[in-house]
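One chain follows as structure tokens, the form predicted on its own.
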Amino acid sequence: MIENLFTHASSLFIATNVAVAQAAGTPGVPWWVWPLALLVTTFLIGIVASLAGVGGSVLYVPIVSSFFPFNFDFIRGSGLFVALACSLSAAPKLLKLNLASLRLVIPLALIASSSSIVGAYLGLSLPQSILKILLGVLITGIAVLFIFSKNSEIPVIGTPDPLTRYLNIGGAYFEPSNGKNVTWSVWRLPIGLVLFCCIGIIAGMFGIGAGWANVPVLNMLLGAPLKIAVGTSMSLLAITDTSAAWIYLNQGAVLPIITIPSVLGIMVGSRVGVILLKTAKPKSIRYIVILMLLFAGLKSLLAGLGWG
């Protein structure tokens, strides 16, 4: 019996080695090297992402696709699970603190999750060189957005549109800095729904969380307070990314040996980042993230053009 157990364990080890080597395209490298490297890399990404206030997958997909030899489909599939894990860990607490509104989340999530399914099928059907070019342009654009975007803590809005009034979107949360309750609502909801349709397609196509786009649209266009925008964005990701993640999972584009260390690394790194947040200088971290995005975006663009 013990001999059979060792035989099965040996077969499993060899099969894992072959599977990972095929996924990475590096048959001479032991299978455990890539998961370990992913664990360390995503741990560092989790720290930087938390300090900079960005979703982990917006850094994960361009960086891992630039420096790891995995198929691009596997990386995008894992990127959705990375975003999903971060969102699921934060969303319940945000809802409990009234920093996310289900009345605002549900209509936006319905639009974004439906379009993310279209984006996932589109991403899996396009050639990888085209996707890398588009990802390079997108990531470079996000870096530029980070440079010029200026979120407003509590925007001043006009009269809410009829759809907002019909859905009764709004609420109040406690602001500890001044010890008062902040009452809020939104406007321009129909325009926001159109933009969230585009955001869902992009999120599904590239396997990146859409927090980089959700927060500016919620805060600057719809007029939600910054804390509500961040909390609602995190809750949105839990629904939007689930739809696209199932498409990648169903198409066999999710490899546990890549996804599991990535999710573990980024969740542990995020917790360390939150601890370091008390002493870190957010502006310095923001500049580092912008440089990383620019580098990863240009590298992806050059790789797609066949110059990298």
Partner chain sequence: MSSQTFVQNNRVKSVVISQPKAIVSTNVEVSPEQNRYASILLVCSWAGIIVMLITFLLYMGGLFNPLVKPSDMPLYWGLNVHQYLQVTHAPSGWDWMRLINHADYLNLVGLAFLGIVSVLGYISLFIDYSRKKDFPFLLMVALEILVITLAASGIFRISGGA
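Residue numbers count along the first chain shown, from 1. This is a predicted model, so every value here is computed, not measured.
Absent from the display: the form predicted in complex with the partner chain. The rest refers to it.
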| property | result |
| --- | --- |
| Location of the partner chain contact in the predicted complex, chosen stretch of 71-79, 134-142, 213-221, 200-208 [non-hydrogen atom, 4.5 Å] | 71-79 |
| P176, heavy atom within 4.5 angstroms of the partner chain in the predicted complex | no |
| The partner chain contact at I247 in the predicted complex, heavy atom, 4.5 Å | yes |
| In the predicted complex, S243 touching the partner chain (heavy atom, 4.5 Å) | yes |
| P190: touches the partner chain in the predicted complex, heavy atom cutoff 4.5 angstroms | no |
| Heavy atom within 4.5 Å of the partner chain in the predicted complex - the one residue of V194, L102, I147, I130 that qualifies | L102 |
